[in-house]
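Presented as structure tokens, the chain that follows is alone, the form predicted on its own.
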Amino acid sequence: MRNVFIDNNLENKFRKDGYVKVPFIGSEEVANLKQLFFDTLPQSGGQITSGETGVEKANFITYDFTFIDKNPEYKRMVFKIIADYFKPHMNRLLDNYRPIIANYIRKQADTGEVPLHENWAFADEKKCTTVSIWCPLVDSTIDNGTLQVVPGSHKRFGEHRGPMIPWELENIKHEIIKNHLVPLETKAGDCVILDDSIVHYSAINKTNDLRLAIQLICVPNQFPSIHYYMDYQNNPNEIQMIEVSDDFYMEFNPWKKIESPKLLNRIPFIHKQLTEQEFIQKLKGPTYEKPIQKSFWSKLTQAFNV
């Protein structure tokens, strides 16, 4: 397993908790990115609704993300804006990563709950870690629906995650929200960098003001992006592991079947729902990632306490 961060202290905290919180962009960049959200919004095609996903049993969409906009050119525009602003800051923190998805996340008054979930898997997580850089453009608080996480829940649940794959924590979401979340109140311009496999949530915005944040999803440069797909109606016992280009996320309605996929693997799937007690036990257990491989000389010096 390769490192995520250049700094070893950040790396160690991230591996323990599944996230770190750090200063990220300045106040002028915050103001510019906020203005660019409003300047580009007229080009939005509007969000894909649950009824337009093309599949049965698609979840009702309660949040406002650029990723599910109907206009691919608007998504490309937002991606370029955010990537251009974030890349210099990303590069000083992350160890050779590239961005693949960018979102403005908008919560208007009394709306915007993002259900408890893990992000989809965007690469082979046994070999590497993908991350989301979450950066609010206004101070993010409990009242306006800040990000909340289950510390240490990364790489323990839902190893193969995609839009139509049943989640093993679905039946205990209420218990996790009630008993296990930690809210991460964050100043505008600071960011939380989180493992995409960490269990997280955000509540509705209970204030009268807009809560605006940015998410940039990043994968290691040397790894291809993948997509886990399940044909839930016809074959709910198999997951297809598909290699995709980075542009896949601009053009594709991710709930629909991929045409002519580059199939890497077929993975047997058994649908199981965990109890809260099983969830607690797995939090204390091992992760599914491969350990960092130490060199021969590193092992030798450790053995002799050099």
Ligand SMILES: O=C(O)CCC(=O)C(=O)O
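Residues carry their position along the shown sequence, with the first being 1. Quick caveat, the model's predicted, so the values are computed rather than measured.
In what follows, reference is made to the form predicted together with this ligand, a form of this protein that is not presented.
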Exactly one listed stretch (152-160, 75-83, 91-99, 200-208) reaches within 4.5 angstroms of this ligand in the predicted complex by non-hydrogen atoms, and it is 200-208
Tell me, yes or no, whether I193 is in contact with this ligand in the predicted complex, where a contact means a heavy atom of each within 4.5 Å. no
Check H117 for me: does it contact this ligand in the predicted complex (non-hydrogen atoms, 4.5 angstroms)? yes
So in the predicted complex, is this ligand close enough to F65 to count as touching (4.5 Å, heavy atoms)? yes
M164 near this ligand in the predicted complex, any heavy atom under 4.5 Å? no
With the distance limit set at 4.5 angstroms and only heavy atoms considered, check whether Y228, P236 and I267 all reach this ligand in the predicted complex. no
Heavy atom within 4.5 Å of this ligand in the predicted complex, from candidates I105, L137, L169, L184, belongs to I105
Residues of 144-171 having any heavy atom within 4.5 Å of this ligand in the predicted complex, listed in sequence order: G145, L147
